[in-house]
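Just the one chain here, laid out as structure tokens, in the form predicted alone.
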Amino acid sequence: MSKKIDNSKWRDILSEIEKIVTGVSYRTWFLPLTPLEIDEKAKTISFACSDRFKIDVLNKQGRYIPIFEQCIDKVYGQPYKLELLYKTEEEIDKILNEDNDTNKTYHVYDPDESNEFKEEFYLNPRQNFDNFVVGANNNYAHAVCLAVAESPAKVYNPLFLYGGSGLGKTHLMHAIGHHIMEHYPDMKVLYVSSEMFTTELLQAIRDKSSTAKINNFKQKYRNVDVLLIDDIQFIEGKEATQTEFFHTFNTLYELNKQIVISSDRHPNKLTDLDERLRSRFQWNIVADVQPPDFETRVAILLNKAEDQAKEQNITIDEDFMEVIDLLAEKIKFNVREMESALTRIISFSKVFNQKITVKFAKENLKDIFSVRDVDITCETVKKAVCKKYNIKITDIESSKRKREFTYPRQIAMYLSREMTDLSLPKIGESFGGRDHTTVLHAWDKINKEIKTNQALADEIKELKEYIQ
């Protein structure tokens, strides 16, 4: 009969592996694996990964299989046949959640262990401060997160992080968790998504046979030193969840415990959230994570490429750097997607035994380049801005001086300079034959204002994402 692999055993296996292989091999081939099941009758043990290339390499080259089996044997005291399977992230999540185990990758409260914590998997070991690439887009968020990690509940409490998907909010939260666990080993750190919080609350409420589950739920979330809760926007419209989180927040705050929250929007934009929560989210620091500029995107990709270079025998030559530049140019608003594209092209180069070049990248990442190769023009920008502000293109091109027209016009000029290769005179010509100095003035005005006006910065971000 199959059962899930005990997570303490998996940690022990990883510990044994780490003693034998290089750090690069450990991070590249073993950490991405997810433990699935152990079958005592068949004497098999299975692990999965959502990266098909890594599963293929592990199974085909055979170099790491004996090491893996040796470490499993040492931890369990008996041999098992190893099965390494390719599974999509959705399939892995489904398997892990079959028994309502909603706590994967988080520290989980266990009421049967003297109010102590046990680890169900763990915070992602690859997401720490050391490998977080800092740029102009995230330097403030990085600085306050590091300050929180170094002095929990002493400087910035609560801390609210917000920004678009795939920009590094979760990475920063995991980094906070790792740093605190390393430097404050007695502190209880709990990282969870708001969906997990909601699911566990509903499960506790539905069990009408006893009040024990509700009490255990409250103990779990209120008896921690650090609560990291991701994607808080998912509790919008969920009245019971909001009420419980309100009380959890108050309890932790009054006990001077650190609270870190992330969202895809500024608290003021969470319109379907209790005003009491919105207010509390802004009691201290609200830090945004913006899309990285070109130079930072290149640094992120180069950092990831260098991490894989030794193990996969990759040469980061001029052709490879051209591919990095290309990906950085084409994928502007989602770091996770950008890194995924790089991983895919490296995998394809190994599978097809082909050198990584721009031509090879374009041939094998058509789903990315076909979407993004559409030229962005002033017309594209004007249409998006007019739709956003509910005005006509003729209004934006006219000489009307009302603010309802001039402000969107300046925003459109700013975006035209940021997102097209057109010269200032050409942009001015597209906006009713205006002089290039008018365009430059509009760009300068908006560029300065977005640094102090968060609402405008959010609108510009939304427009860029829509246009792109």
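Note that the structure is predicted; figures quoted are calculated from it, not measured. Quick note: we count residues from 1 along the sequence shown, nothing fancier.
Separately, the form predicted in complex with a small molecule exists; it is not shown, and the next lines address it.
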Report task. Flag N268 as yes or no: does it have a non-hydrogen atom within 4.5 angstroms of any non-hydrogen atom of the small molecule in the model of the complex? Result -> no
Query raised in the report: Would T170 count as touching the small molecule in the model of the complex under a 4.5 Å heavy atom rule?
Result: yes
Report task. Give a yes/no on whether I300 approaches the small molecule to within 4.5 Å in the model of the complex, heavy atoms considered. Result -> yes
Requested in this report: Using the partner position in the model of the complex, report whether G164 sits within 4.5 Å of the small molecule, counting heavy atoms only.
Outcome: yes
Query raised in the report: Of these, 276 to 284, 330 to 338, 196 to 204, 147 to 155, which stretch puts a heavy atom within 4.5 angstroms of the small molecule in the model of the complex?
Result: 330 to 338
Report summary line: Only hit among T377, T357, N250, N131 for heavy atom within 4.5 Å of the small molecule in the model of the complex is N131
Query raised in the report: Among Q308, Q127, T243, Q219, which has any heavy atom within 4.5 Å of the small molecule in the model of the complex?
Result: Q127
